[in-house]
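Take a look at this single chain, the form predicted on its own, given in C-alpha cells.
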C-alpha cells in the first residue's frame, strides 16, 4: 500500500526563506506536523541579478507523509498555534530541526522540542533555550497584552533540571540574605520560574519573597525578616 504524501511549493529570496515559507504553509494546513519528517526538493536556487535587475526567486517543494501530518492537534487554540509557529521559526533560525509539541492550560503554553540537536538548542548552562523562551514571551506579551499566557520552552527535560537548580539557588539566596541581613535580588525569570522560588522559600524561616520589576523582566527579591 502506497503512503500518501502531501506537498507544497514555495518561493523566497533565498533557499532558506523558501524552505521556511513551505514549512509554514504545511504547518498552517497541519498544525503540529513532525518537522523532521519533511523533505525538501530545491527546484531553483534563485538569482539576485545585477543591481536588482533580473532577480529570480528560489523555489522549493516540501513533502511530508500524510501520517506525519496527521499528528496535528485538532483542538489547538489560535494562541497556542501562534506560539507554536513563533517558537518553530526561532528554533529554525538557530539551525535545529525536530518535532515541536504544544501543551496549553489556563495559564501556561508549554512548547516541547524533540530531535537530534537539542544540545545546540539548550546551549551552555541553558543560555540558548532561556533566550528562546525570553524572546517568545516578549513577542507574545507584545502581541497579546490582554489575553497573554506564559510561554515555557522545554527540550529533553531541561525545565525539570532547571527547577532543581532554581530551588537550590533559592535556598542559597535565602541563606545569604540572612547572613548579610539585606535583600538579595535574583536574575529575571518567567512567572513559572518565579513561582518555583516563591514556593521553595514559603516555609523557609526568616525570609520572605516578592516579585518586582515589569514583565518580561520581573525578578524575585529575597528579604530577611525579623
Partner chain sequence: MADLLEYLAKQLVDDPDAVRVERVDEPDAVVLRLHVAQDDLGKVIGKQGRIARALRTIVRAGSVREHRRVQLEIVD
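What you are looking at is a predicted structure, and each value in this text was computed from that prediction instead of being measured. Numbering follows the first chain given and starts at 1.
The same protein also exists as the form predicted together with its partner chain; that form is not shown, yet it is the one meant from here on.
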So which of 169, 178, 184, 191 reaches within 4.5 angstroms of its partner chain in the predicted complex, heavy atom to heavy atom? 191
Note: exactly one of 156, 79, 108, 131 sits with a heavy atom within 4.5 Å of its partner chain in the predicted complex, namely 131
Interface membership of residue 145, its partner chain in the predicted complex, 4.5 Å heavy atom rule: no
Give a yes or no for residue 9: in the predicted complex, does one of its heavy atoms lie within 4.5 Å of a heavy atom belonging to its partner chain? no
Tell me, yes or no, whether residue 125 is in contact with its partner chain in the predicted complex, where a contact means a heavy atom of each within 4.5 Å. no
Contact label in the predicted complex: residue 135 to its partner chain, heavy atom within 4.5 Å: yes
Within 4.5 Å of its partner chain in the predicted complex, which residues of 186-217 have a heavy atom? Give them in sequence order, or say none. 191, 215, 216
